[in-house]
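A single chain, nothing else alongside it, follows as structure tokens in the form predicted alone.
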């Protein structure tokens, strides 16, 4: 039985386009679960419905065996009764309060006072690295410290679920990377179930046990970071996460083990894909001569200035430009009329206009119907 269950959740604003369109999710206890997508995809609306800050039009949400909301049954548990802590994008700290007062506020609402309250606040401030700062005014803190206060306030009453709405987006790049590591470490120490909303792919991939990718209120795919990155279920997921190297071709042959694809723009290139890993839900049936697209992550493509004898899955291309980016070189190549960009940590001896060769790792390739 799942710890947090979302069933057929549906929400519109103004009775128009569905912000959340009948999604279903099962989240395990202690899981770091991320909802990822562009602005307007419905991820924050879903989080707010879980926390009780928005009411769904239909569907249900369960925490364990307790139903939190079910409009059809006229059931709605208030946010403060759901035993969930929430950290907002803006942190929402009270500027007229000290750090201690901000963190203690949820305890006061629950009738916890005196020595018990003080100990809980001091313990959680130590947990987030703010020991000794209880009397400091909240506005006097740095951005990273304010985020820790918001986390402490959400954790101080030992909630069952922690809801995080883009809590790192207001931090600069270096601090965001530091807080990302600290947040994951904190979640593992506390062993709390986390639902994390973000539009940042690096945050989602590095923090999550599983990721739900949303588009226009619909779940496109739910899976581990490795699943959604290397085994995308839809073209949207494939192109939304990271960068994708695409090659147009036609099916030359297919059997139970491999699929052979002739690549457009290269008279001699034929790729052999392992059938089990290459096929997607959109390419379960294939016919000879069918137009397809081969997709692979750029980091799974090796660029060399000379053909490697005996190597399979080599595609000939023409080098257009080379750019040095500090930690890597970026190569722009053309295959027939198509232009693609690759990155490599090593500098190649080839120069603009030279013939180069691309070696595609067979385990990294997926096959898709060509878009019309």
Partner chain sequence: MAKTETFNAPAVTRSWLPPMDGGTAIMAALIGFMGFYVLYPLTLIVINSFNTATIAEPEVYGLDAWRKAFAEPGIWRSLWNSIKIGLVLQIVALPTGIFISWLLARTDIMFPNALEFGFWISFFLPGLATTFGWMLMLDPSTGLINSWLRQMPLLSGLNFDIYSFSGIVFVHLVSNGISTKVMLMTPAFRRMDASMEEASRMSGASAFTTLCRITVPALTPVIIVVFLLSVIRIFSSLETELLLGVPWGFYVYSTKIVDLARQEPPLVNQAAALGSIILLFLAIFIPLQRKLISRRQFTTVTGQFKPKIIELGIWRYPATAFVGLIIFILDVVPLLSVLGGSFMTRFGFFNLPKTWTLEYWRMALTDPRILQGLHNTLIVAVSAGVVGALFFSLIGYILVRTKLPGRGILDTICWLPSAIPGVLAGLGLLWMFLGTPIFRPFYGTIVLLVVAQVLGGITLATQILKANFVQLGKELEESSRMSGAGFWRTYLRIVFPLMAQTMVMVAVIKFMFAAQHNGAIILLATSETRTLSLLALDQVAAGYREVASITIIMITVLTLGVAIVARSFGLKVGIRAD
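Residue numbers count along the first chain shown, from 1. Only a predicted model underlies this, so the values are computations on that prediction, with no experimental measurement involved.
The same protein also exists as the form predicted in complex with its partner chain; that form is not shown, yet it is the one meant from here on.
Proximity to its partner chain in the model of the complex, taken as heavy atoms within 4.5 Å, picks out 107 to 115 from the listed stretches 201 to 209, 292 to 300, 181 to 189, 107 to 115. This chain is displayed alone, yet in the model of the complex one of 343, 322, 53, 70 has a heavy atom within 4.5 Å of its partner chain; that residue is 53. The partner is absent here, but in the model of the complex a heavy atom of 84, alone among 259, 237, 84, 130, sits within 4.5 Å of its partner chain. Using a 4.5 Å cutoff between non-hydrogen atoms, residue 88 counts as a contact of its partner chain in the model of the complex. Taking non-hydrogen atoms only, residue 248 never approaches its partner chain to within 4.5 angstroms in the model of the complex. Contact annotation for residue 168: none of its heavy atoms lies within 4.5 Å of its partner chain in the model of the complex. Using a 4.5 Å cutoff between non-hydrogen atoms, residue 80 counts as a contact of its partner chain in the model of the complex.
In sequence order, 139, 153, 157, 163 are the residues of 126 to 163 having a heavy atom within 4.5 Å of its partner chain in the model of the complex; the partner itself is omitted from this view.
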